[in-house]
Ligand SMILES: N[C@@H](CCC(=O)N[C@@H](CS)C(=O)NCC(=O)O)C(=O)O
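Next up: a single chain in structure tokens, the form predicted on its own.
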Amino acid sequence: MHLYDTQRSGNAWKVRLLAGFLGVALERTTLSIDKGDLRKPSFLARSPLAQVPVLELDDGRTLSESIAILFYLAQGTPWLPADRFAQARVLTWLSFEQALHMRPLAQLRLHLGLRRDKNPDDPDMTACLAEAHEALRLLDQRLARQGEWAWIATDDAPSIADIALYPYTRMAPLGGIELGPYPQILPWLRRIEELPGYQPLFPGHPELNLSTVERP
């Protein structure tokens, strides 16, 4: 299988994380937004949505959207429980990640940490900050209810809900958010990072998960 991504895409990181945990080898083509790679006909032929990640299967079919790709790869593995109620709980937290969690955290990271084209006191950034803190509060509250060694949607093993919520939570400091006030989140992040097959944002360099400098 072949993954099309960009170097700092949190959504593509989700796919790489699951592939690493499953021991699935992915060929990787890393595109550049600045160079217009996502607008080129060759990419648009694979991704009508003009965004990453895109997973190309061995038979040439393609899948877009990180949640859809996680769902596809997790089929028949412990990362998507077989029990129907447990699956529904996973979907609950996948929906939370898409609707309430990812957007404010991603916007803060993009504009305050990467592009640095906005100020923290700009109205849209203060709104994102409030939304991000509320999402992190709900995440921390959920982890507290689940117990010290539990996971987001399941009681005894991590699921794709944990993977979906990991990248933008891990990168929250790039948007000016400290995770210290959320006592359950940092141990949960460490548990994910200690799992066999963990893939950092920059391959082989977990110390660069919060870097704003692109690797050659």
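Heads up: residue numbers just count along the shown sequence, starting at 1. Predicted, not measured: the structure shown is a model, and the values here were computed from it.
Form predicted together with the named molecule: not shown, discussed below.
Could you tell me if all three of W79, D162 and Q199 have a heavy atom no more than 4.5 Å from the named molecule in the predicted bound form?
No, none of W79, D162 and Q199 comes within 4.5 Å of the named molecule in the predicted bound form.
When the named molecule is placed as it is in the predicted bound form, which of 174-182, 23-31, 148-156, 49-57 ends up with heavy atoms within 4.5 Å of it?
After filtering at 4.5 Å, what remains is 49-57.
With the named molecule left out of view, choose which of T92, N119, Q98, T126 has a non-hydrogen atom within 4.5 angstroms of it in the predicted bound form.
Of the listed residues, the single hit is Q98.
Contact residue in the predicted bound form, from L73, M102, L108, L139 (heavy atom within 4.5 Å of the named molecule):
Of L73, M102, L108, L139, the residue with a heavy atom within 4.5 Å of the named molecule in the predicted bound form is M102.
Heavy atoms within 4.5 Å of the named molecule in the predicted bound form: does Y168 have any?
Flag for Y168 set to yes.
With a 4.5 Å heavy atom cut-off, would you call L38 a contact of the named molecule in the predicted bound form?
Because a heavy atom of L38 falls inside 4.5 Å of the named molecule in the predicted bound form, the answer is yes.
Mark K14 yes when one of its heavy atoms lies within 4.5 Å of a heavy atom of the named molecule in the predicted bound form, and no otherwise.
Heavy-atom contact with the named molecule at 4.5 Å: present for K14.
Of 60-87, which residues get within 4.5 Å of the named molecule in the predicted bound form if you count heavy atoms?
Residues within 4.5 Å: E65, S66.
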